[in-house]
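Here we start with a single chain on its own, the form predicted on its own, put down as structure tokens.
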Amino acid sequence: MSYLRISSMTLAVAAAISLIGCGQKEEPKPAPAPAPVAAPVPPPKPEVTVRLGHVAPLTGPQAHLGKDNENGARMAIDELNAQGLEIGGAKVKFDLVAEDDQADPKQGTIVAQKLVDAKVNGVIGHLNSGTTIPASKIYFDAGIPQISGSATNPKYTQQGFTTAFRVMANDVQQGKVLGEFAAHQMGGKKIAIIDDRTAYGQGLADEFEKAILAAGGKIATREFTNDKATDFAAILTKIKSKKVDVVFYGGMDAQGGPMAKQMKSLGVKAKFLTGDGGCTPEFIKLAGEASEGQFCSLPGVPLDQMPGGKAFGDAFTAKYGQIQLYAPYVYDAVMVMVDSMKRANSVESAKFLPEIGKSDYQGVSAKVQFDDKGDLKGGAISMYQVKDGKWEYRETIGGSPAEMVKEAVKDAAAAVKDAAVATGEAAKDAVKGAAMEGAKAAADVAKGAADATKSAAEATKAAVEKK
């Protein structure tokens, strides 16, 4: 094969390849898919810890009551934390700062200052009036809201402190009911009074004495002990000689129980009556058989009559055991304070404090509304008697729905009567006034007629003389 022929073939193949290449277009490669754009991650919501102080005696003879109060507060705190609340745009975690004031006024002021220094947002407590009252000045000076679920001495809310509130009736209300009950339903003609010289015990005894005297009763003797005493033989022997019908004790169950027991052993025949401080299962335990038939009072209504009483009682006893006394009220105190934070949309003390006084909160124990002093409006007082080793409910005076309706009807009837009297007096005055006005008008007419007659006579005389 010649070189020329090979070259020609090579050129032909090259030309063919060139023609084939020119006749086809290369498909464009698809562009790579764009990388997925990640959605913007919202910044996590800020978290804030709200510290609520709680103060009660956690050691000493009243420790069972103090722990009961603390458990009421803890139950509320646990429920609130489970709700995952947001206030002021932040997730809120509540923390209970529990302190022991040993039911001692001096220790009460020490732990109050400790809570202020810890910058708590609010305080629940104290349990005793004797510690609550001096501590309230410290909280007021620091601008920290304070709600007590058990301190009943009237002075607590009469000091003019805008930070002080309570969610149960005070001793003015309780002492009046106790005094009237002793005089009218216990047949108390001659009554002995003992108090423990604390702000609570003495204050309640003072109000009780006022009510007895107002009801026509007689105070045969008034004695005192202290909140650490256990032997009351000397006092009770003196009372026995007075042959009284009723012995009233202003104080707590730690003294009330042994006192009732010693009354029986000494042969004191009088009935025993005490206030809320002794209205506990512990009183029955300490008094033993001597507790049977004795009486006590307790602000509020029985647990099974409270708006949320049954549910609270079931949950509380499952978690902590038997309720001693004030746990439902302390639970409500926490909830009222936090409700005020929600309405203010702030956990800062200065911002939610004004909202506490405007509360209209349906609590476990009652509808919580405060008057201008910080006292619970429409506080009820219930009476109990020990029957078969248990406190048995007798009646509620004031504050209960039935009692409120009864009082409303009574007030309405009185208003109608007053209106009728006022209307009658007004009508009488109107008739009298009309008569007086009529007489005056008649006199004026008569005087005018007389003047006209006189003028006519004078005119006639003048005319005759002229002629």
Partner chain sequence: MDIFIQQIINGLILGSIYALVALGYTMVYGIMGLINFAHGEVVMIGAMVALSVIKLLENSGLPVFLLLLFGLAAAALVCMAVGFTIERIAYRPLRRAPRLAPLITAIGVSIVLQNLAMLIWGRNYHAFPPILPTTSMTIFGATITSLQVAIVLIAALMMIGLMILINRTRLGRAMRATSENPSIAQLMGVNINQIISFTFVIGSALAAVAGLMVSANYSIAHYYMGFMLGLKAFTAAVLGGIGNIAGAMLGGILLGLIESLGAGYIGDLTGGFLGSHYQDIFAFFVLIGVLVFRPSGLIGEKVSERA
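The structure displayed is predicted, hence computed values, not measured ones. Residue numbers count along the first chain shown, from 1.
Not on display, but discussed next: the form predicted in complex with the partner chain.
Asks: Among 371 to 379, 309 to 317, 286 to 294, 340 to 348, mark the stretch whose residues have heavy atoms within 4.5 Å of the partner chain in the predicted bound form.
Replies: Careful reading of the contacts points to 286 to 294.
Asks: Would you check whether the partner chain, in the predicted bound form, lies within 4.5 angstroms of a non-hydrogen atom from each of Gly188, Gln362 and Thr396?
Replies: Not a single listed residue reaches the partner chain in the predicted bound form, so no.
Asks: Just to confirm, with a 4.5 Å cut-off on non-hydrogen atoms, which of Lys261, Lys176, Lys93, Lys367 contacts the partner chain in the predicted bound form?
Replies: None of the others qualify; the residue that does is Lys261.
Asks: Can any non-hydrogen atom of Val48 be found within 4.5 angstroms of the partner chain in the predicted bound form?
Replies: Result no; Val48 lies far from the partner chain in the predicted bound form.
Asks: Can you tell me whether Lys358 touches the partner chain? I mean in the predicted bound form, with a 4.5 angstroms heavy atom cut-off.
Replies: Lys358 lies outside the contact set for the partner chain.
Asks: Taking heavy atoms and a 4.5 Å cut-off, does Glu223 contact the partner chain in the predicted bound form?
Replies: Result yes; Glu223 sits at the interface with the partner chain in the predicted bound form.
Asks: For Asp231, is any heavy atom within 4.5 Å of the partner chain in the predicted bound form, or not?
Replies: Looking in the predicted bound form, residue contacts with the partner chain include Asp231, since a heavy atom lies within 4.5 Å.
Asks: Across 48 to 66, which residues bring a heavy atom to within 4.5 Å of the partner chain in the predicted bound form?
Replies: Contacts from 48 to 66: Leu58, Thr59, Gly60, Pro61, Ala63, His64.
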